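Given as structure tokens, the chain that follows is alone and in the form predicted alone.
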């Protein structure tokens, strides 16, 4: 299906985006109004967040304070995540926070409180994308992101007579031309699993989910396998890129910051990365002027938009303060004060029913608008971005880890079928 033309897309890896404030003091489900079924006696809740270059400690402190001001009697103890496995570790030790950011719903859904659909419908566009396989929404789809976009250096392309590729064969031609020009064709933050697999995410999303957007559902139903021909073929493409010299020999030792800098310094021609890279938290206006963007190419040139339905906070239903925590989570999700820094610094494209970029008075680059046009236009068909997507398309974290490891393994293992068979085994173990 095409993306709705009035839908904005979020650029943040965890898509911590916000909805327009639509308060109605007579409706206890709408943040900003106190739930009269409880008292306003002081309550402390714990909130897990992930800090980043764009979503700094200062950002979280300010947005947490603003949300807390809308929920009488609530104070917040902020807990900063130390990695993807941290929520599971906290749960295992009996310390799962009341409110959880950046969690894998597939791992924790049995301990999460669902959001009510009336509130979701009132505040968000495309909220249905966050529906989990049991029919509930555990993190509201307040925004989406594109993972990956392929960024390219305009000067390097122009100097070498290179046009933006639309098909896979054209993409391979670009790789060959850049290699011949002495330029690393594709930048890769191979030292960090979550970033190392972004190219493979593009290949799988395009070649597997582009053909069958319900493939993950079939995988869960036992009707598909990672060893299916299309999935193996997508992994083979990544092996082919390695063998074609598409990456720097030191790619597996480059972390995210180093890879960003390599690309911005003109050491590489292309950089598959999430749409958050468009934000001013990563690029200056001058740098953005020299960067273009395109979608991961398919074999026949059909354009697919690898979409991640992003949510805000999940709520721990086992918390003694679960109802208050839900009230606070809704207040955070409808706090407009946090919009501007998210949009400007982290390229957040928002999924709101009652706000626009003009309303918020944001300052964005032409590159941001180029990505926005890709995300909101009719030129590409939206499909779930493999491994990044939540809701019903979420996969267990152990399998996600295996996929990330496979993206690194292709540098030393050229047997795509064997790699995919290993992933099948990991899937079976996770069931």
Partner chain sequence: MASRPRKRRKALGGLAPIAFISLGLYTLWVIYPVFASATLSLTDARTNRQTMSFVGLENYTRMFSDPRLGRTFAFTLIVTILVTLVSNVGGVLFAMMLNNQAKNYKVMRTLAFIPQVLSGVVVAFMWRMMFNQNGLINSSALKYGWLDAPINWLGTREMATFCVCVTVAWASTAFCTVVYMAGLQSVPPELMDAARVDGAGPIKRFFNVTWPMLAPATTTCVVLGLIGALKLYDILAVLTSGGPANSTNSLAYYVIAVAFGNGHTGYGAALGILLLVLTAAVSAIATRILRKRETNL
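Residue numbers count along the first chain shown, from 1. Keep in mind the model is a prediction, meaning the values are calculated, not measured.
There is another form of this protein, the form predicted together with the partner chain, and it is not shown here; the text below is about that form.
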Quiz item: the partner chain in the predicted complex: within 4.5 Å of a heavy atom of each of 92, 405 and 425?
Solution: yes
Exercise. May I ask you to check whether residue 244 falls inside a 4.5 Å heavy atom distance of the partner chain in the predicted complex?
Key: no
Quiz prompt | residue 85: touches the partner chain in the predicted complex, heavy atom cutoff 4.5 angstroms | solution = yes
Self-check item: Proximity of residue 299 to the partner chain in the predicted complex, heavy atoms at 4.5 Å
Solution: no
Exercise. Tell me, yes or no, whether residue 398 is in contact with the partner chain in the predicted complex, where a contact means a heavy atom of each within 4.5 Å.
Key: yes
Self-check item: Stretch in contact in the predicted complex with the partner chain, which is absent here, among 169-177, 324-332, 201-209, 258-266 (heavy atoms within 4.5 Å)
Solution: 258-266
Self-check item: One residue of 249, 222, 361, 161 in contact with the partner chain, assessed in the predicted complex (non-hydrogen atom, 4.5 angstroms)
Solution: 249
